[in-house]
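As a starting point, one isolated chain is supplied in structure tokens, in the form predicted alone.
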């Protein structure tokens, strides 16, 4: 597994030191990673802008047998996603503006497009593609199309950016994409 030095934290993100980050992880600008959140990257993970990873949430990108840990196996997670308390997400692809509610599980064979909600406690273990704006709910993991598009998490992110630094030590941003481009 890659060393912790492979963690890139962009400016304007809030990443608590008490989070567990293992592997080649890029945390984009505006993200909030709570204490006790876990991100495990056996292959690279790029967390899109303004995502929230709450306490005890786990995002994992595991290699399939014989696969190489390189850029071709990168898990790109879209912008404005929310990973709520205690969820475990190992999805093959994740688009924008999705909500993974508390204690849900999304397996590695699942592709989540954009605007989806995986309800609290839902278990998605079989390979499938969730079409845009799908809501998964209920004991039988029923699916329906959302009537309205997902709202913005801007107020929640702004609140967390103000409050978390008052109560937790933060990992400092260590990567500036503007400087990286000028070097190349």
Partner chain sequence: MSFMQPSPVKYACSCGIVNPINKLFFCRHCPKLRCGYCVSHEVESHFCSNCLENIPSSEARHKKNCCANCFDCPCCHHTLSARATTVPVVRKTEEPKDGESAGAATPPPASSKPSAVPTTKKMYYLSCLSCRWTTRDVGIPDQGVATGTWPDNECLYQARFNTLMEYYQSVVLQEKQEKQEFQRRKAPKAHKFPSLTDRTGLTVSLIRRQIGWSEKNVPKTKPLNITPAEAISELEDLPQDIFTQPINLRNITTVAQRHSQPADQPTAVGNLYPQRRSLWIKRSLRCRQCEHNLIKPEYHPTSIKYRIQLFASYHVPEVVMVRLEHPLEAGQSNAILLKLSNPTMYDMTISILDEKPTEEPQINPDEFQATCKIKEEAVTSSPLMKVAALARQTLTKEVTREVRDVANAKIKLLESEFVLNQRDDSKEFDEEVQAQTEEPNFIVWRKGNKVLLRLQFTPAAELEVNDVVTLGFFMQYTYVNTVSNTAEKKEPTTHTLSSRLFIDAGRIEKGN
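Residue numbers count along the first chain shown, from 1. Note that the structure is a prediction, hence the values are computed from the model and not measured.
Keep in mind that the form predicted in complex with the partner chain is not shown, yet the notes after this line are about it.
- prompt: Taking the partner chain in the predicted bound form as the reference, which of 37, 157, 135, 43 has a non-hydrogen atom within 4.5 Å?
  reply: Residue within 4.5 Å of the partner: 135.
field: is_contact(residue 104, the partner chain) in the predicted bound form, heavy atom dist at most 4.5 Å
entry: Contact check for residue 104: no, nothing within 4.5 Å of the partner chain in the predicted bound form.
message: I'd like to know if residue 143 sits close to the partner chain in the predicted bound form, meaning any non-hydrogen atom pair within 4.5 angstroms.
response: So residue 143 counts as contacting the partner chain.
- request: May I ask you to state whether residue 147 is within 4.5 Å of the partner chain in the predicted bound form, using heavy atom distances?
  value: Yes.
message: When the contact criterion is heavy atoms within 4.5 Å, does residue 117 count as touching the partner chain in the predicted bound form?
response: Yes, residue 117 lies within 4.5 Å of the partner chain in the predicted bound form.
field: Options 43-51, 56-64, 22-30, 135-143; stretch whose heavy atom lies within 4.5 Å of the partner chain in the predicted bound form
entry: Contact-bearing stretch, as computed: 135-143.
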